[in-house]
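What follows is one chain in structure tokens, specifically the form predicted alone.
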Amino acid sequence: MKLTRKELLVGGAAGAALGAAGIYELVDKLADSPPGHFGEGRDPEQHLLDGMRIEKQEGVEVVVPVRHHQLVTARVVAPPDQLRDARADLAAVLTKLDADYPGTPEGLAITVAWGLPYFQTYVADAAEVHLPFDRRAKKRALIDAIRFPSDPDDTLLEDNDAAFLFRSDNEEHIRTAATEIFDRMKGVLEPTSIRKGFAGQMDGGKGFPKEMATAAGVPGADLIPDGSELFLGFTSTQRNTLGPPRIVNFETLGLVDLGPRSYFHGGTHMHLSHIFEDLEAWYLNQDFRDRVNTAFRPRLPVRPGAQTVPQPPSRASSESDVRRDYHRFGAIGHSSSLQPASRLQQDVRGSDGTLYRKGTAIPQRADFNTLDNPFFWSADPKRDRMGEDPAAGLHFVVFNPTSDDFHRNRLAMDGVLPGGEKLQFAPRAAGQGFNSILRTTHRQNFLVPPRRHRSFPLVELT
């Protein structure tokens, strides 16, 4: 039975939506047992999640993804002279939640990020001094989001002040925490959108993505392979494709000048976007060989039906590899096109002494599938073009050392090589990786402070 938006949401106002689960309650009902992660702790970095389990899938080490995700964007509605008190209030409720739950998948991880409008409106003078500076790009580490060549002309570049990312294997933990935060911050922070979703856990059966999409009546749901981690069928959390801990910290790779007090040491950059995925076009217009060519690299040898494809550092594509594929096949592949920008091109000694080898991935992704259309709830449904029916999509969340670093990665998907050369593709061309079946509706860049400064950063310096 196909579900309507009303049945999906089971609520309307922001407060009701924060405490509603809608169809996402099915995730826990479909799971046979808890995922069995281990460990606990709280790192100085907000973007790190402790206790992630590693297991082998088809002979490849895979990070088992967290089951439930929710992201709430917000704007500041209090006058500037009230933000010092608000800073203490938000810090108190976040500290309480840290004490209530371990910082692991079984507990709860909360990442608080702040948008450029917040820094420009409320702490402009302090931001001028203390915002990190991208040495390579010769601009701030946090800059406005842009539309990329394959983005639709109507992709919305958002202007939220803040974003709260909640991750847990227990959906009730997320609902409780989100409600506590926004009840406490009423009159200071006002939600602008609520975005919900899930990541598949590879424990046999049809898998969450297929079960959830089928329950929602999404076109093409029956074509998703059984056991898939995400709607598009391939496993995306191979250990070798995710940046190791702290590699995306501002200070780690030496890309960023932290300023006179290193206020944001231990912080990072976060990009957020929503993307619709055309499942029918992906599965009906392309056979398995075509999907491998598109997702990874043209002619890459892969066992028929495989979902977890090895992508070790030693096989990372170079600019010349991508250029060669383009001239030979008229196609570049998603992973292959990204690797010259998203992986280290030489050994790098990090600021803490860690040696990161050539081919190591840099971005740390926290993306998750969704049935939102495009959001679970919006304060401005007309602007956000809210639809009635569930839709297959992805809330794309990724941590990079800077905005420009993310932009370089995303431009690579459009055939813009890190050295500046542009391979000549028409927007959303079939040879241009995933772009032909993706449609981005919203984008924004955020700064993620270290845990000690996550509550209204820089306010105490104004």
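Quick note: we count residues from 1 along the sequence shown, nothing fancier. Just so it is clear, the model here is predicted, and its values are computed rather than measured.
Another form, the form predicted together with a small molecule, is not on view; read the next lines as being about it.
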Decide if the three candidate residues 235, 339 and 363 all line the small molecule in the predicted bound form, where lining means a heavy atom within 4.5 Å. yes
Interface check vs the small molecule in the predicted bound form: of 311, 293, 155, 378, the one with a heavy atom inside 4.5 Å is 311
Heavy atom within 4.5 Å of the small molecule in the predicted bound form: which of 160, 335, 111, 373? 335
Which among 83-91, 260-268, 116-124, 225-233 is in contact with the small molecule in the predicted bound form, heavy atoms within 4.5 angstroms? 225-233
Does any part of residue 21 reach within 4.5 Å of the small molecule in the predicted bound form? Heavy atoms only, please. no
In the predicted bound form, residue 70 touching the small molecule (heavy atom, 4.5 Å): no
State yes or no: in the predicted bound form, is some non-hydrogen atom of residue 66 no more than 4.5 angstroms from a non-hydrogen atom of the small molecule? no
Report whether the minimum heavy atom distance between residue 181 and the small molecule in the predicted bound form is within 4.5 Å. no
